[in-house]
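Shown next are two forms of a single protein chain, provided one at a time as C-alpha cells under the names structure 1 and structure 2.
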Structure 1
Amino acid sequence: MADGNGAMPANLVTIVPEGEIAGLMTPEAAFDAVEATFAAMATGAAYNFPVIREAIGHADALYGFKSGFDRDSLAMGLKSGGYWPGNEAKGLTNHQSTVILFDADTGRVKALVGGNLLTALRTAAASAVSIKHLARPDAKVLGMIGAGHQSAFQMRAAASQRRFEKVIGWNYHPEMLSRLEDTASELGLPFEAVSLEDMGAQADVIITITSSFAPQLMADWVNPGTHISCMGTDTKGKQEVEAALLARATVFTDEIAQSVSIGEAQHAIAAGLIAESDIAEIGAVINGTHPGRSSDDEITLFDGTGVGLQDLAVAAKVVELAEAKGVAAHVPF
C-alpha cells in the first residue's frame, strides 16, 4: 500500500552471507528440512520447476538454476550457481551458488542467502535420508566412491544413520583419498582404500559422489542387500554406475522427472532397462505410502539429482536461525 506521498513502503531484504552459514546451519537441521521437503513433494504440496543447467563455454563451468514452490511452507525461490572445476586451485570450492527467496504473497524479494555450504549440507542430508529409510539396519561397511569436497559431508551424514564399523573408499585420483581417511578418523572409524570391484563386494552402503561421465561401479560387482546413494549425476550425460545396476535394484529418487532426464536413471531409461514407472519417490517411503526395502537381499538405489526445493528449505531455515540469533543483515530493496 502506498504512503501519503504515493510511494510504496520499502522492502527490507534479509541477507545471510556465506560466512555466517557454518555458525547457523547444522547437519541435523539440514536433514530435518530435506526429509520434510521430500515428504511434501510426494503429496504434491511442493513442486519443482524445470531445471536449467548448461555448459557455458567458459572456465569449463556448468551453470544453471533450480527453483520451486512449497504451498505448505510458502517457500518460493531459486538457487543460481553451478560447478567451476578450476576453483580448488584458486582456494575456492568448485560448487558456487546463491539462494534467493521470494514472498509468495507479493512476489517481492525476501532473502539472499549464501548457498555453498548449504548445498553441501543439503546434498549430504538427501543421501542420509535415503540411508535412514532404505539401507539395511545392520549395515556395517560404508563405501565411498569419490573423494572431492562433498565426500566428507556425505560420510559424516551417513555415519549419523547407521553404526558403521569401517569405511572403504576409491577415487579416480588416489592421492585425494586422504580426505576420506581423515574424515573416517574424525568419526572414529578405520579406513581402507579398495578397488571398485572390492567396493561392491564389501560395502553394505555405497555413496557415489563424483562428476563422472562414464560408469564406475558395475552391476555384477554389487552384493544383494546393498544400498547405493548415487549423488553425483545431476546433468545430462553424467553417469556413475552401470545402467544394468538400476535394473537389478529397486530405484528411488528425489524427483522422477529429474531422475529420468538428468539423473542416474537417464541411461537405464534410454537403454530400455527400466521404465519411468519403475522409479519411486523417496518421499512416498517417508510418508508410508511405499514400503521401501522389502527384504534383506534387495538392492536399493537412491538417485539423488538435487532439487530446488531442498535449497529453498535449508535457506528458509537458515534465515529463521539468523533472525533469531541477530546475525542477519537487512537492506532496503
Structure 2
Amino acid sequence: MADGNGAMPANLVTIVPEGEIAGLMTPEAAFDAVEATFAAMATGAAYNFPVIREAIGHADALYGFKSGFDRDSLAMGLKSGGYWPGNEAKGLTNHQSTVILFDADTGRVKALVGGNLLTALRTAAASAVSIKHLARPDAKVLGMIGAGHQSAFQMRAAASQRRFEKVIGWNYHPEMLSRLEDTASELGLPFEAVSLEDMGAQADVIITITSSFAPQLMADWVNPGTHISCMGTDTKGKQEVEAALLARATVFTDEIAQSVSIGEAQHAIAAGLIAESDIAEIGAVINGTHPGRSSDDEITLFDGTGVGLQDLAVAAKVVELAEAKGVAAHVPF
C-alpha cells in the first residue's frame, strides 16, 4: 500500500548473473523442474504464449521472446534473447538469453537471471525426461547426431536415465566429433563414430541436436523399438529426420502448437503424413493419462521444441537456490 506521501513499498529484484548459474544449478534440479512443468502443461495449469523470433535486420541477429504462465508454480515471465553470429569474433557466446520473472500476484518484476547455461540444461533435461518415460528400459546404445554446444549437455543428461554401454555418433562436420568422444569418455563410456545407417541399425536411443535444414536420419534406417529425441528443430524450416519417420513412430512433444509450427512435426503435417491429433504431450505420459510406449517394437519420437515455461521453471529454481545459499544480489526497483 502507498505510504502517506504516495510512495509505494520498495520492490527488491533478485539478480543471478550468468557467471553464478554453474555454481547453483544442477542437471538433476533442471530435470525435476522440466518434468514438473511438462506435467502442469498437460493438465492445463500451465501454458505458453506464442513464440516471437525475428530476423531483426541488424548484426545478422535473430531476436525474440518465449513466455508463459504456470498456475501451479506461479512461474510467470519471459526469456528474451536470440542468436548473434558475430559474437564469437568478440569473444562472446553467439546464443544470448536472459530470463525475467514477475510476481504473479502483483505483476512486479521479481528476478533477472542469466539464461545461457540454463537453456542448455533445460533442453537436455527435456530430452532426458522423454528418455525416462519413453525409451525401452533395456536401452544399451546411445546414438548422437550433432556435436555442437548442446550435444555434451544432451549426452550427459541421457546417460543419467539408462545404463548405456556405448555411445555412437555422427556429425555433419566430422571434425567436431571429438566433443562427443570427450564427453563419452568423461562418462566412462566407449565412443564410436558411425555412418547414419549404422546409427539406425545399432542405437536404442537417438538424440538429434543439430541446426540442420534437411533430413539427416531416414525412416527406413531406424530399428523397431528405438526412441528418438529430436531436439534441434526449433524454428520454421529446420529439419533433422525424414518426415516419414514421424508416420512410423508414435509422436510425443512438449507442446503440440509448437511441434506443428516450429518443431520436427511441421514437415510431416505439411506432407499430410500425420495429423495434429496423432501427437501426444509428454506431460500426459508423466501424469499417467497416456500409456506412453506400448511395446518393445514401437518407435517413439519426442519432438522437443523448447517452451518458455521450461526457462521460467529453471530460472525460478536458480533464484530459490541463490536465496538459500545467500549469493543472490538484490536491487531496489
Ligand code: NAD
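Heads up, when I say rigid core I mean the largest set of C-alphas that superpose within 1.5 Å between the two forms. FYI, numbering is relative to structure 1, first residue = 1. These figures come from a predicted structure and were not determined experimentally.
The form predicted on its own is structure 1, not structure 2. With a cut-off of 2 Å and the rigid core superposed, A61 has a Cα displacement that reaches or exceeds the cut-off between structure 1 and structure 2.
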